[in-house]
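This document opens with one chain alone, in structure tokens, the form predicted alone.
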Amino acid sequence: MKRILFLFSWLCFSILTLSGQTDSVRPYLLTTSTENVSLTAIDLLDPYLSPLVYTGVGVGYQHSDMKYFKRHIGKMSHESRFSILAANTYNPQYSSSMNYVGGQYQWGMHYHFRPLDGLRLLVGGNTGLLMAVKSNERNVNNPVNVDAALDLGFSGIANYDFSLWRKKFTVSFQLEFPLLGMMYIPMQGASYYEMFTGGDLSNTLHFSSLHNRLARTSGLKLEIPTKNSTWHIGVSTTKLKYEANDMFFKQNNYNFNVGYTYDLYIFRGRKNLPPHNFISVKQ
């Protein structure tokens, strides 16, 4: 009887030990989140509201999450991103203003390359939904116009890590541009009241590609490590021009960005580092 109890106890202990060892080496995929605020200089040309270019200043906010796919650790990751921008612009004579409020949601995937020591290349694509409202009170007949677009495009990121003062800094460059999608553009002079009450939405949805919608978002930033997170400063630009219904639209954003990056699990102190099986997309 004692021998049976001993064997049973030893079996239970072995199972618990193996379970603990398996759990200790099992990879935990961390979600790397980034918060960013920006000060933006913006140029707007919307011929539906005015034939003049409006310029001004706005503020923006962006949140993004990145994480490896469970079956492609170290090779492929996915990212979701939400951004919003509010700005107030004026015509060259400062006699009229145009307000802008827009938001965008994007989801994409990247394949990770490491061609050189310290260099990480992320190449892939994303899809994004843009919604924005522009208002010009001086335009009495049509004071509001809506921007709406669904895009599928290219996304690329280059990260270079270097050591300075016994800390790891990162210089990052990002480039994005749409390839094809759909966009909403009303007819010149048509009122929103007539379109939506009368149900006449003909010739408002347009297929978009490189022939009628050109855009580019690029940015450069420096990541600075601290005890509990990584801060960054940088600059970025978004240049967009598109045309339909005999109207040509343009928008240029010039951003100064400040923000920080953190993982879902925070390990405080320089010596209290996360275990090797806690895997972040920054690795």
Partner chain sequence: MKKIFLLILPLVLSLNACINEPEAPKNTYESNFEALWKIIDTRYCYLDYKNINWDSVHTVYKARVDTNMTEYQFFDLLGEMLGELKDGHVNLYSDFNRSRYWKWFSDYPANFSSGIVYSDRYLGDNYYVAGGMRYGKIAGDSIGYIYYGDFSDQFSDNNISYIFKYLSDCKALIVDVRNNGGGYLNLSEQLASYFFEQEMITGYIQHKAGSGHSDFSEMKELKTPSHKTIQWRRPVAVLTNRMSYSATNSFISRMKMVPNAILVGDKSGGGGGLPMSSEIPNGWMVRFSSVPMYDANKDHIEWGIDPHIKVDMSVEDMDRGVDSIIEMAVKELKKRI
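Predicted model only: the values in this text are computed from it and were never measured. Residue numbers count along the first chain shown, from 1.
Heads up, the form predicted together with its partner chain isn't pictured, but that's what we're talking about next.
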Give a yes or no on whether every one of P51, Y54 and F248 sits within 4.5 angstroms of its partner chain in the predicted bound form by heavy atom.
yes
Interface segment, criterion being heavy atoms within 4.5 Å of its partner chain in the predicted bound form, picked from 126-134, 101-109, 185-193, 73-81
185-193
Although its partner chain is absent from this view, report whether K221 comes within 4.5 Å of it in the predicted bound form, heavy atoms only.
no
In the predicted bound form, does Y254 come within 4.5 Å of its partner chain, counting heavy atoms only?
no
Counting only non-hydrogen atoms and a 4.5 angstroms cut-off, does H232 reach its partner chain in the predicted bound form?
no
So in the predicted bound form, is its partner chain close enough to K67 to count as touching (4.5 Å, heavy atoms)?
no
L179, V146, V171, A86: which sits within 4.5 Å of its partner chain in the predicted bound form by any heavy atom?
L179
Within 208-224, the residues that have a heavy atom no more than 4.5 Å from its partner chain in the predicted bound form:
L210, H211, N212, R213, L214, A215, R216
